[in-house]
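A lone chain, given as structure tokens: the form predicted on its own.
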């Protein structure tokens, strides 16, 4: 096999070495004059993703996540560095790579807008030349696990965002891709649908060994699906490790929202938590995101007249902003 073609190195099914992407942007600099500026969307990123790993790839809007994925699929050509997926250079052999990857780009559907979902899947089968038996088995499994049975004869344009997202995920998996790129796969879904999608992705990863790169703003997606998370900010990889480590580095906090039977003074007798807000019988307690909520919830329930409670996860934008501010201060 020439030029590293095949499965990638032992430790990297997806491999990036010093990858850069620079765009030339023209901006108005006067009444008739425009100046050219170079925007470095991705700035020397290097990482390895072994076959079968499910990794969260997160960051604020404009950080370079989508640009990275577009280079991984061959849509964009890197300005510098080396990139391989399963030993293939995406920019040089995009067509062959397309048969080995599946992509769901957030709110941009890959389905045919005016066709029923069933017909869209039929076109996908013909595009990828999926054998009939394999297609039927994959479609049946996706329809069952993603609850698409009642939607197959509905035109894509009539689907809600959540329904269409589930439809897109199924379409991306009909040809058994080895790599799956997911951009906000649970956006627009209710709690039950989110749980179904997450369970489905876990099964696909575990049973078929599908390598998954997941971008999302929902930290619950990351917590339930990924053991590893990478953070990109201003085009640079600023963190690569476990979620607990990310919270520790960013000093992030969860918030316990408590509804009491009656209005009480701020709760200060719960170890590991601090009061941040009180509005009538509702109180907010903050605690370290690396800490389990269970002992705090138990302490509150044992000492105070509790009606209801919920846990709010830290905002990933705030975590990353603090990480970036800390890096600039060094």
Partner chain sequence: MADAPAGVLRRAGEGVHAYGLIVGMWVRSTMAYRTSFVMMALGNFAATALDFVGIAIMFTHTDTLGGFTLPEVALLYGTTSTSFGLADLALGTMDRVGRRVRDGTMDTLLVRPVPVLAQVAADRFALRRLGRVSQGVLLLAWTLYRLDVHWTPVTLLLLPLMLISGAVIFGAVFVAGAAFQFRAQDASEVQNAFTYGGTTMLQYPPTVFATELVRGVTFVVPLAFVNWLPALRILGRDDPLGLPGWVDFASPLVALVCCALAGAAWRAGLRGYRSTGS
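Predicted model only: the values in this text are computed from it and were never measured. Numbering follows the first chain given and starts at 1. Whichever C-alpha set is largest while still superposing within 1.5 Å between the two forms counts as the rigid core.
Just so it is clear, the following notes concern the form predicted together with its partner chain, a form of the same protein that is not shown.
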Worksheet item: residue 114: heavy atom within 4.5 Å of its partner chain in the predicted bound form?
Response: yes
Worksheet item: Can any non-hydrogen atom of residue 236 be found within 4.5 angstroms of its partner chain in the predicted bound form?
Response: no
Discussion item. Although the partner isn't part of this model, could you tell me whether residue 70 comes within 4.5 Å of its partner chain in the predicted bound form, counting any heavy atom of the residue?
Written reply: yes
Practice prompt. Look up in the predicted bound form whether residue 141 has a non-hydrogen atom within 4.5 angstroms of its partner chain, and give yes or no.
Written response: no
Discussion item. Within 4.5 Å of its partner chain in the predicted bound form - does that hold for a heavy atom of every one of 94, 126 and 129?
Written reply: yes
Discussion item. Please identify, from 142 to 150, 203 to 211, 97 to 105, 186 to 194, the stretch that has a heavy atom within 4.5 Å of its partner chain in the predicted bound form.
Written reply: 97 to 105
Worksheet item: Though its partner chain is not shown, can you say which of 119, 240, 223, 178 has a heavy atom within 4.5 Å of it in the predicted bound form?
Response: 119
Worksheet item: Of 255, 154, 248, 75, which residue is found within 4.5 angstroms of its partner chain in the predicted bound form when only non-hydrogen atoms are counted?
Response: 75
Worksheet entry | Core-superposed C-alpha of residue 207 shifting 2 Å or more between this form and the one not shown | no
Practice prompt. Taking the rigid core as the superposition reference, indicate whether the CA of residue 77 shifts 2 angstroms or more between this form and the one not shown.
Written response: no
Worksheet entry | Post core alignment: residue 115 C-alpha displaced by 2 Å or more between this form and the one not shown | yes
